[in-house]
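Consider the single chain below, provided in structure tokens and representing the form predicted on its own.
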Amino acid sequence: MDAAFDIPTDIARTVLDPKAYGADTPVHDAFRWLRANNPLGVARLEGIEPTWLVTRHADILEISRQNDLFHSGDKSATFTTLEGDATVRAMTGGSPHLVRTLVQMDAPDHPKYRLLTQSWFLPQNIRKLEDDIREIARAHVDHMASLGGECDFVRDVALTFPLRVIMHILGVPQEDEPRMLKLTQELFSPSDPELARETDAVGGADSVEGLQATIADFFMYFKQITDARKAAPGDDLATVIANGKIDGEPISEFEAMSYYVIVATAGHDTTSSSTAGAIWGMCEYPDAFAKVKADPALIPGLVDEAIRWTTPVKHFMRSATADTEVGGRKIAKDDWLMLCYASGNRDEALFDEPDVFKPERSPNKHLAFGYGAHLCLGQHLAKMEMRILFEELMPRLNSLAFAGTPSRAEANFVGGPKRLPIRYEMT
């Protein structure tokens, strides 16, 4: 990595710091500087492997479409320190992964494992769930209406609505949903003192030991589900995973447990963040609320803009399998690259006024679901859930405003609104 491409220390530190994502403005200021001055540069900080920060939409696309050249599974698929990587490898016997989900896989395994559940998430199949999802959405809108014109939208609606949907699909009993929510928050926000798992391990809430304990709890829970679905298969996604086969052989318990974890966590947390992001955006930009209120045909646009503006998945990592070139920069074999989706989704080259929340934005070629072979399996479900919720909510919502200071999770991997106090009038 040519030192001429090094990123200023303060900019690199901001992009990698979970706290900067909680504050939001510093990280977007850093991304804006990078896109203008060093869009594919090297973060070289003490305690980390030198890392290319990929901040332009076009470069993220180019890397994402070349899955043979840029692998997800050879190194950690999410950013970590040298110490964190060494700890994980010591725990796993050399693997950089505490779990092995679709996110950590490359061909030939990735397409085979993706095919296991892919049919469940195709548009023609999730349409069968529309009535069930609408019933769940109406219950949440009714609950919001019962709260007297003020609520924390994250706590009272956004967290539980997609959670209920994905647990219904997965076959998890409703009484276990709070446990799934808590474990998800611990997994995705290990640096946030409010959401992280309490641990006495060295490194505190940010420790790999804490993440391992959370994953162990997930595995213990889903082992019971697996045993039950093997004994008595049902019509749910858990049955598909429990009885899944690759090349005619049952998938390993570790990979089955990992599969449950990605579906049970990513299947609701990202949608929760985007759903809250839509309300946050309409509070911050009242004209956006007025436009959607006046024209329900804008609801699909509201959904896509909320996903772009929030970008719940902030990054994934890739490593180069051979010497190559991207954006005029020479990338060497084994170089580590961070795909900065939160930056790509605000790229001025593609989005007019990228920091402004515009439900009417069209086209909206955001990267929030990734691109290429790793395109999010649940994207159609997520967008359908959000569309249905806002189809139920917007006709009844007559006014909307902040009722206090909102806040975001301190997380540089997956995160979004953590607290969203609002004041509203509903019919």
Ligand code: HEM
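These figures come from a predicted structure and were not determined experimentally. All residue numbers refer to positions in the sequence shown, first residue = 1.
One more form of this protein exists, namely the form predicted in complex with this ligand; it is left out here, but the text below deals with it.
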May I ask you to choose, among M384, V42, A373, I48, the residue with a heavy atom within 4.5 Å of this ligand in the predicted bound form? A373
Counting non-hydrogen atoms within 4.5 angstroms of this ligand in the predicted bound form, say which of V88, V103, V326, L298 makes the cut. V103
The chain here is shown without this ligand. Which stretch in 109-117, 146-154, 90-98, 277-285 comes within 4.5 angstroms of it in the predicted bound form, by heavy atom distance? 109-117
Do heavy atoms from each of V263, P312 and R318 fall within 4.5 Å of this ligand in the predicted bound form? yes
Since only the chain is shown here, I'm wondering whether A30 would be in contact with this ligand in the predicted bound form (any heavy atom pair within 4.5 Å). no
Is A368 close to this ligand in the predicted bound form, meaning a heavy atom pair under 4.5 Å apart or at it? yes
Can you tell me whether I241 touches this ligand? I mean in the predicted bound form, with a 4.5 angstroms heavy atom cut-off. no
Evaluate L377 for contact with this ligand in the predicted bound form, applying a 4.5 angstroms cut-off between non-hydrogen atoms, and reply yes or no. yes
This ligand in the predicted bound form - contacting residues of 266-282, heavy atom within 4.5 Å: A266, G267, T270, T271, S274
